[in-house]
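This document starts with two versions of one protein chain, written out as structure tokens and named structure 1 and structure 2.
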Structure 1
């Protein structure tokens, strides 16, 4: 009885803290993004005195936001497709074949996650300079993203390949299926959630990636995160930063929630963090 009410109190206090933790910061960000340039939001007002979409319209028309969004939303799907394509053969080998050194391969695949992002970014740029390719920014960032996010893709896809059931393949063969029919009946259903999850996760990570885009892309190739960074630093205008923050965070949160569901249905171990 005593423990029960204690727990209830804990739940409610934590609930309160969590609301403060998330609701207040985001509410403030949303309010700031609606501050009309005609009158500043001074501390004596609880809400911005004049609210409008002026900041949104201004940024859309007069800043590099449009270009940044175009870059980000071109880069992300390309990186997702390229990563998936590159990951498939390795994932197949890890998921369906037995060979010596498989565990070592699984570990080595994680290398891009271990090297600090800015080290990778800077010395990837150094390589580009050495090779005289530093003008080729979009391609360079796309290439770097695809390799950087390979560990996630290989991990998810090799689990998917493991889940293809040998007896389904055997049954299909036994019933005289052609290789294509076998693929359709045995591989495709097991791989589909993994493919979706891989595309989504690389898409999100590519949109969010900052170090490579910032270092390789500087000074004139912008993505949403690099634009936000410049707006948080030298030319800090709070309402503008609020608008870009929301543009960066809202679609990704929606996609992430979608991803969480997908991973849960594809493989419970991955979403619970034990993977």
Structure 2
């Protein structure tokens, strides 16, 4: 009975934390995004006096929101694909090969994650300027995002390569399978969840990255985060910031839920089959 009560208390505590952390901020952001410009939302009102889509329409028609969304949703998938491509050789070596110092290399790969992202971004932009890549803003930001998010991709894919069963590779080779066929029946089923996870995680991080996009891209290259922080600056207008924050956050939440479902459905023990 005591155990049941403790479990119930923990569940309700977790529910309360989720409400404070997610439901309340999202609800306030939604309400603020629908505040009509003709009637401000003052502290003496529990809800906005007048609600409309005026803020959404204004930002869509009279700001750089469309350009920012186009830039962000071109940049993020490009960064995800490039990061995955660059991570594959290192991930294969860490996941399939045996050599001295392998554990130390794994640790070194993850060390960049210890440094605050904003600090890393500032110093990395200095390198981009020294290399002269800043002139091509999209390419410079794409290259920077791919390098900054490599630790995530390498870690995920190295674990995925470790899940590939050697007996499946040997069986495919003994049956005369070509290298491509061995990749298809032995490697790909085990790597598929990791590939999807890598693409989604890098996509989300690239969408939300601000420092490099702002330093390198300003003033001509605008992304959703740079537009959001611009509206949070000196001319702070809370309803406009609420609209942009929802456009930034909601798709990422949906992607994270999809990622969680994907990873739960993946069974590493059965992720490589004798096709």
Partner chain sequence: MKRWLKISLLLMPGLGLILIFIGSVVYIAIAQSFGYFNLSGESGFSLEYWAKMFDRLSYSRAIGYSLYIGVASAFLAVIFAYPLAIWLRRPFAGSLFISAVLKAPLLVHGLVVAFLYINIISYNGIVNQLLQALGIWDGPHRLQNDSGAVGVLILQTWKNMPFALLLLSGAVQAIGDDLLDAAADLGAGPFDRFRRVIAPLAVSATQAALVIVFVGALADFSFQVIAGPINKQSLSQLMVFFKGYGRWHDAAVIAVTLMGLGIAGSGVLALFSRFVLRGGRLS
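If you superpose the two forms and keep the largest set of C-alpha atoms that fall within 1.5 Å, you have the rigid core. Nothing here was measured: the structure is a model prediction, and the numbers come from that model. Numbering follows the first chain given and starts at 1.
Between the two displayed forms of this chain, it is structure 2 that matches the form predicted on its own.
In this overlay on the rigid core, residue 110 has a C-alpha that sits 2 Å or more away from its partner position between structure 1 and structure 2.
The Cα position of residue 10 changes by 6.9 Å between structure 1 and structure 2 once both are aligned on the rigid core. Core superposition places the C-alpha of residue 22 3.2 Å apart between structure 1 and structure 2.
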